[in-house]
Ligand SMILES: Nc1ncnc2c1ncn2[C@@H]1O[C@H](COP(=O)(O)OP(=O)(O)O)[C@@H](O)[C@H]1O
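What follows is one chain in structure tokens, specifically the form predicted on its own.
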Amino acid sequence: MATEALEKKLRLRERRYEVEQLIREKRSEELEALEEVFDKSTLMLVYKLLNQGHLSHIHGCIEAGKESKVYLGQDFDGKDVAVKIFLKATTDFRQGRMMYLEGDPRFQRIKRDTRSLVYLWAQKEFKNLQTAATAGVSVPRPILVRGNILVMQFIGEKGVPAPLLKDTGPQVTATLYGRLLKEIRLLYQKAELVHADLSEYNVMMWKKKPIMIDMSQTVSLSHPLSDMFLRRDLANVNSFFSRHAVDVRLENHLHDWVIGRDAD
């Protein structure tokens, strides 16, 4: 009996070692790109996405900001996807965010703790992308959201993301200006949304087409500050194209055209 018990104990210890090695190997292969800034709950969500078949791989960081990092991922069909992870460790996350949440009828009873706000911020971008994509606006197609992780369509080719508008140089033309304005108008009139942080830093260029990104702050038209945000977006767009010698429309006339007050 003593011998059997000892053998059983050794087998269990050997099996535990094998599992630990497999976990260590998987962590090395799949999560090598994730820095130490991610807490345990975020890493567990990543594991779930991998284990449940939503993702097959996560590679390196392709975009880093103050509130989030975007990683190149792959689904189980080998197709590239963008994995956006919102940082819960950001100390100033609440600052400047509440005005985009309060007043939006889609989000009620907002909890003020950082974790809840970050999760809501990820959910908000998912819903905004979903609404915009359904309306035919050129945005990354959202795939899923879990906690502070948003998985969406990868804009680019062979793991290389499409350039931002600010980096496109010769492509900044009157034709592109008109295309971007049409996207803003479509977002407003059909999706009933205002980007609220639009600039050359939040537009990607893919196959000569502007793609609006970073839409976590995007608000519905019923938001009390939506018109102010729209005017700011239009001013930013006009400022950028003016610096590239493109003749721009007067902002008041442009505003009326976007909202449908001016048929021209």
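We number the residues from 1 along the sequence you see. Please read these numbers as outputs of a predicted model, since none were measured by experiment.
This protein has a second form, the form predicted in complex with this ligand, left out of what is shown; the following refers to that one.
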Note: exactly one of 205, 213, 219, 237 sits with a heavy atom within 4.5 Å of this ligand in the predicted complex, namely 213
This ligand: the contacting residue among 145, 118, 82, 191 in the predicted complex [heavy atom, 4.5 Å]: 82
Does any part of residue 177 reach within 4.5 Å of this ligand in the predicted complex? Heavy atoms only, please. no
Consider residue 230 of the chain shown here, and say whether it contacts this ligand in the predicted complex, taking contact as heavy atoms within 4.5 Å. no
This ligand contact at residue 70 in the predicted complex, heavy atom, 4.5 Å: yes
Could you tell me if residue 154 has a non-hydrogen atom within 4.5 Å of this ligand in the predicted complex? yes
Heavy atoms within 4.5 Å of this ligand in the predicted complex: which stretch among 155 to 163, 183 to 191, 130 to 138, 169 to 177? 155 to 163
For the heavy atom contacts within 4.5 Å of this ligand in the predicted complex, list the residues of 230 to 258 involved, in sequence order. none
